[in-house]
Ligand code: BES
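Encoded as C-alpha cells, the following chain is the form predicted on its own, with no partner shown.
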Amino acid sequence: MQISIEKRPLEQAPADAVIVPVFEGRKEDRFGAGDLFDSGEVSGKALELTLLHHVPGLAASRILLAGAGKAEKFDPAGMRGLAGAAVRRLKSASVKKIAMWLPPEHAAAEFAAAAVEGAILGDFDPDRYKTADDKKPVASFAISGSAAGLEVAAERGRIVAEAQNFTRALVNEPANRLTPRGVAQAARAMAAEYGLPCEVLERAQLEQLGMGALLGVAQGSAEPPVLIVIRYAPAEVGPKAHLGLVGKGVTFDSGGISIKPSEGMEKMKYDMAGGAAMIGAMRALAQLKPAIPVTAFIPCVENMPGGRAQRPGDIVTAMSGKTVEVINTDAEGRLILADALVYARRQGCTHLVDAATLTGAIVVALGHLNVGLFASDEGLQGRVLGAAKSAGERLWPMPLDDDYKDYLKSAFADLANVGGRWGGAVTAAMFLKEFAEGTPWAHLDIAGTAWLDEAKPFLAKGPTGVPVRTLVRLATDWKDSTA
C-alpha cells in the first residue's frame, strides 16, 4: 500500500473514496450529511460506517462517514481502529485509492501515525493460499492534512504496521510450509534486506553450548531445531544498555507425548507468534534506528510425539547447568526459552524481554484482551507498560512473588517444568525467571492475544502481530542505561 500526505483540500483529493470521522453528539453538515444526523441514520457512535455515493462538490466518487465516538475520548488507539475498520469496509467495495481527513483537534502526528497503522493492518487478510482471483488489496492511502510532522509520522506508522503484518504473515504459515529452518530462512531474508547481521545456530552448535532443555523438546521431530540471532547496533555509541528480545518459536505444538486434544490443534501453528514478533520488531528497528543496541534470539523447534520424543519424567540439563524434570511435554515453550535467555545474557544483554504463547492459564485469567506482563524489575516493567500504552497494546501486570517457586519443586531435579493446576501462568513465568537470574527481565504471555478466533471490524481473523508495536516503542523510546 502506498502511503502519502495529501495537502490539497479533502474535496479535491484524487481518491476513489474519502474517510471522514464523525463524532457522537456533533453534527457534520458538510457533504449533505446533516440530514442523516437529523434522521438518526448517522449518530457518530464508534465504528459506525455510512457510505455515501456521488456527493456534490467532492472529487472522490464515495465518502465514508466513520463513527469515532465521543470526541473527548478519541485517542490514537481509537484512530487506529477507526482507520482499520474504514479501510476494510471500503476494501470490500473494491475501492483502491483512499484518503482520510483528520479533524483539526486530532491532526497531530500521533493520530496520523495511528491512522496509517490502522489502514495497513486493516488491509491484511490471511488468504495467501486461496486460489480464487478475487483479492482486493488497497493500492494507496493518503492522510489529508497540513499539520507539521505528518510525513515523518506517516512513515513511522508505515514501518511499524508493515512489520506487524510481516509478523502476521509468518504466524499464518502452516507448519508443513514453515518449519524451524523455514523461520530461519525468513529471518535471514529479512535481515539481508534491511542490513542486519543474522546468525543461525544448528543442532551441533546447540549441543556444544549445552542447550539440553531446547534439544529435549526438539528430539521427537524429524525437523531439526535452530536458534536464530539477529543483531542491531546503532551507528553511534549511546546508552550502555543492550536490549535482548527472546521469542518462542514452536512452529507446531502437538504437545509431544503429553498430546493435546484434537479440537483446535490446527491453530498450534501459531505457537511461534512470539518468535515471529521478534523478527518483525527487528525489521522495524532496522529502519527506525534506535539509540540502543538490540539483539533478538528466536529458539525454533517442532514439538512432536514419536519414538525419540521426550517423555514425562525425563530430566534435562539446561545451558545454565540447572536440571529440569519434565512433568508435562506440552510445557515445552518455557524449556526452549530457558536456554535462549541464558544465551542472551551471555551475549551481553543487560535487559531481557521475552514474548511467548506460553500458557492457556493466562487466557483464563485475562481472556483475549490483555497480554499478561511479568517482570523481575520495576523499572523495566514501567518501561514496558509505558511503551505498550504509547503503542496502543493492552498489557496487565501479574504477580511474581517468590512463594510461587515452591510450586516448581521436584524431588529429582532442581525444578519441575510445571507447577500443578493453580496459577499456571505465574508458575510458567517463575520458571523463566530462574534462567533470567539477576538480569532485569520482563515476560509477555501472549497466548490469549496473538490470535483472533473471529474477525474484528478493523482486523482480520487470525494472527494479530502482538506485541510488535510495544517492542518497537520500547527500543525507540529508550533514553538511558538505567531501568
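Not measured: the values here are computed from a predicted model. So that there is no doubt, residue numbering starts at 1 and follows the sequence shown.
This protein has a second form, the form predicted together with this ligand, left out of what is shown; the following refers to that one.
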Heavy atom to heavy atom, is residue 260 within 4.5 Å of this ligand in the predicted bound form?
-> yes
Taking the shortest heavy atom distance, is residue 361 within 4.5 Å of this ligand in the predicted bound form?
-> yes
Non-hydrogen atom contact residue 418 with this ligand in the predicted bound form at 4.5 angstroms = yes
Heavy atom to heavy atom, is residue 390 within 4.5 Å of this ligand in the predicted bound form?
-> no
Looking in the predicted bound form, is this ligand within 4.5 angstroms of a heavy atom from every one of 213, 345 and 434?
-> no
In terms of non-hydrogen atoms within 4.5 angstroms, which of the given stretches 148 to 156, 230 to 238, 381 to 389, 324 to 332 touches this ligand in the predicted bound form?
-> 324 to 332
Heavy atom within 4.5 Å of this ligand in the predicted bound form: which of 270, 297, 141, 111?
-> 270
The one option of 339, 253, 354, 117 with any heavy atom within 4.5 Å of this ligand in the predicted bound form is 253
